[in-house]
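Given next, in structure tokens, is a single chain: the form predicted on its own.
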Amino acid sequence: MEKKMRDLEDELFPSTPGKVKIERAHAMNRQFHRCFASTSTMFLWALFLIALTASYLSFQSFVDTSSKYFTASWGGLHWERQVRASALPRRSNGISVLVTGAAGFVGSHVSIALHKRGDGVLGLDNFNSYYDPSLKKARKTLLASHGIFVVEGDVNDARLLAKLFDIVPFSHVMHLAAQAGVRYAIENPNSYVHSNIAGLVTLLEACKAADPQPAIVWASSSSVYGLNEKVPFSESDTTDRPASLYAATKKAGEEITHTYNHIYGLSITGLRFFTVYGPWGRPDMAYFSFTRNILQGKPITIYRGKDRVDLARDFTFIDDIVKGCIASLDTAEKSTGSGGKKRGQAQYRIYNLGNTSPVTVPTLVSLLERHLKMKAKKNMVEMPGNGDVPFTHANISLARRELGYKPSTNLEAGLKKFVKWYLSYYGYGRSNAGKNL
């Protein structure tokens, strides 16, 4: 009994209590080391995962960048040879012109006219989807048949522009790339700021930095006259009441170009186009959509102004516009800047390019009916507040005096040529070639 009591006492109170403390301490240390080892392992695994993720992202970025590089629509020795060959003049004293918006309506016509007389022409176009890109692609094919190379790229791409100016010492730039249309600004206002303002500044920066600096001719618009009521519109008129965002961006473009002319010595000519029409035109224009709907038996919407007044436009045939563009290039003086610094006063001009004979929209429709030999189904609607103006009328006395500009195609003759092209291109006639301007 006494022995049992001692054994129990030894179990409850051992004679070497320090041993128990040491064993407990060892046990605690082992647990701590296990915990620490586990935490260290977790930490190392975390670092490993972070490093792995970073490596993956870096590799992915490299792949994306490489992919963009290798799939880019420009670059490489063959591409550079095409650029040089297209931009090389083929006549003595020929000019070398970068045409932006070259696959567009006016751009394609100007490019071919320049090439036909032996000038070097390089096109630039982003082939956006504002209207059917297939028409732009068809224009590109037409340009290629004339030996004109069109680079697919955006005028906002400063790196691309720098590359082009590095390859070719352009003597002139014909800047026709822009977001067109009045009503579309209600749906997508940012596209106008992106193209007509940011794109213009990017191009001017490239021209400023180029050596030599090119002379610049660019497309403004009759829309800058906005709500002006005095007719005909003259270049000396105030243009501070735009009726649409499109008009506002073109007015901003005139102010921006004046600034670059003043600060950097860039030679700049702005052309205010008045309702350009003709073969290979823009599908968003009234005469084009009227033709399509009449042929398809669909109704057309004809807008009227206040008090049922018919809208009128100074319709200008594409061939006349081309003559004005080329005359502007031929009379443009050299820029006076070098290395981005102005060396002297530089030429700055603005001209109206119109026909001087406004025609009402109902008269336009009547002419189309005659050429198409079909009657239109008409819906007469009051003009909504979407940026349109009731009339345009150009005073071209300045362009006539300084450029020798003299429009020679009236609306009836011009529409006849357009309808002939339209029927051929869209397969209404015996041929669907649409090959010649």
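Small disclaimer: the values here were computed from a predicted structure and weren't measured. Throughout, we count residues from 1 along the sequence that is shown.
Note that the form predicted in complex with a small molecule isn't included here; everything after this is about it.
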Interface membership of residue 311, the small molecule in the predicted complex, 4.5 Å heavy atom rule: yes
Contact label in the predicted complex: residue 246 to the small molecule, heavy atom within 4.5 Å: yes
is_contact(residue 303, the small molecule) in the predicted complex, heavy atom dist at most 4.5 Å: yes
Non-hydrogen atom contact residue 182 with the small molecule in the predicted complex at 4.5 angstroms: yes
Contact at 221, 275 and 361 by the small molecule in the predicted complex, all three, heavy atom at most 4.5 Å: yes
Among 329-337, 252-260, 138-146, 277-285, the region lying within 4.5 Å of the small molecule in the predicted complex by heavy atom distance: 277-285
Listed residue (290, 79, 348, 165) with a non-hydrogen atom within 4.5 angstroms of the small molecule in the predicted complex: 290
